[in-house]
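For reference, the chain that follows is the form predicted alone, supplied as structure tokens.
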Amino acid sequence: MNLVLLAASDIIPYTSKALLRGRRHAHVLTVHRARPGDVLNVGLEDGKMGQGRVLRLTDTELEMEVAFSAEPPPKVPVILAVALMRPPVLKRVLQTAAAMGVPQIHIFHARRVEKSFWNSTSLAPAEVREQLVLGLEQAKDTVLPSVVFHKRFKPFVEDALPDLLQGRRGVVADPSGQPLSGEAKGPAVLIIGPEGGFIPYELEKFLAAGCVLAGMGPRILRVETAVTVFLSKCS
């Protein structure tokens, strides 16, 4: 945790103090090994960053004097759209996307996505938020990405995608595509498929929407690896 991300509810009313319990308190206590008087990097959710001076640290609570003055880092100009994946992979992708500064994440269905994945508790708002917060804490950011789920492929590609593509390139990760050049950076919608890849019908729909296929050579990458590699190329 490179930054302690605070919610508005963590601030003690009418003061400049924050009170923490639970995971963040335990991390400061056992990993940072902070003591009263120590200064930590803090940020207010969807707000500014600053510093927090430890006033009191017990086995159950952390109290800090906090001040916020610095703006969070800018987001990258890339929207991430990725087919739903296994819950453990989804957690890693959400953390990575948040850490890399993605402003919007769209999770959609595809033919090679197991329908049972949509019943996972990892899609619950609280679970999604936890992974985003972990990513922001790693990267020292405060602004949570928005996350939208699309349970049907055709409505996503025909109704939602055209709006996302306004003023942006559509880049579909696929081994058949040409490698991205250094000129590929800029506003984009990066689309990544499931572990088994997109079926021909899905690729045709993306091409019909105005997207291009982009590859990284003959190697087949895991979803979480592809997210990191393609984001670095596009942003």
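Keep in mind it's a predicted model, so treat the numbers as computed, not measured. From 1 onward, residues are counted along the sequence shown.
Keep in mind the form predicted in complex with a further copy of the same chain is missing from the figure; the text below concerns it.
Work out which of L90, V82, M100, V113 lies within 4.5 Å of a further copy of the same chain in the predicted complex, going by heavy atoms.
Selected residue: M100.
Segment that reaches a further copy of the same chain in the predicted complex - one of 160 to 168, 104 to 112, 133 to 141, 118 to 126, heavy atoms within 4.5 Å:
Stretch 133 to 141 is the one.
P13 near a further copy of the same chain in the predicted complex, any heavy atom under 4.5 Å?
P13: no, not in contact with a further copy of the same chain in the predicted complex.
In the predicted complex, does R222 come within 4.5 Å of a further copy of the same chain, counting heavy atoms only?
Yes, contact at 4.5 Å.
Taking 4.5 angstroms as the cut-off for heavy atoms, does P155 touch a further copy of the same chain in the predicted complex?
Residue-level check for P155: no, no contact with a further copy of the same chain.
Even though a further copy of the same chain is not shown here, does H150 get within 4.5 Å of it in the predicted complex, heavy atoms only?
So H150 does not count as contacting a further copy of the same chain.
Would you check whether a further copy of the same chain, in the predicted complex, lies within 4.5 angstroms of a non-hydrogen atom from each of P218, V229 and S232?
Checked in the predicted complex: all three residues contact a further copy of the same chain.
Pick out the residues of 46 to 85 whose heavy atoms come within 4.5 Å of a further copy of the same chain in the predicted complex.
Contacts from 46 to 85: P73, P74, K75.
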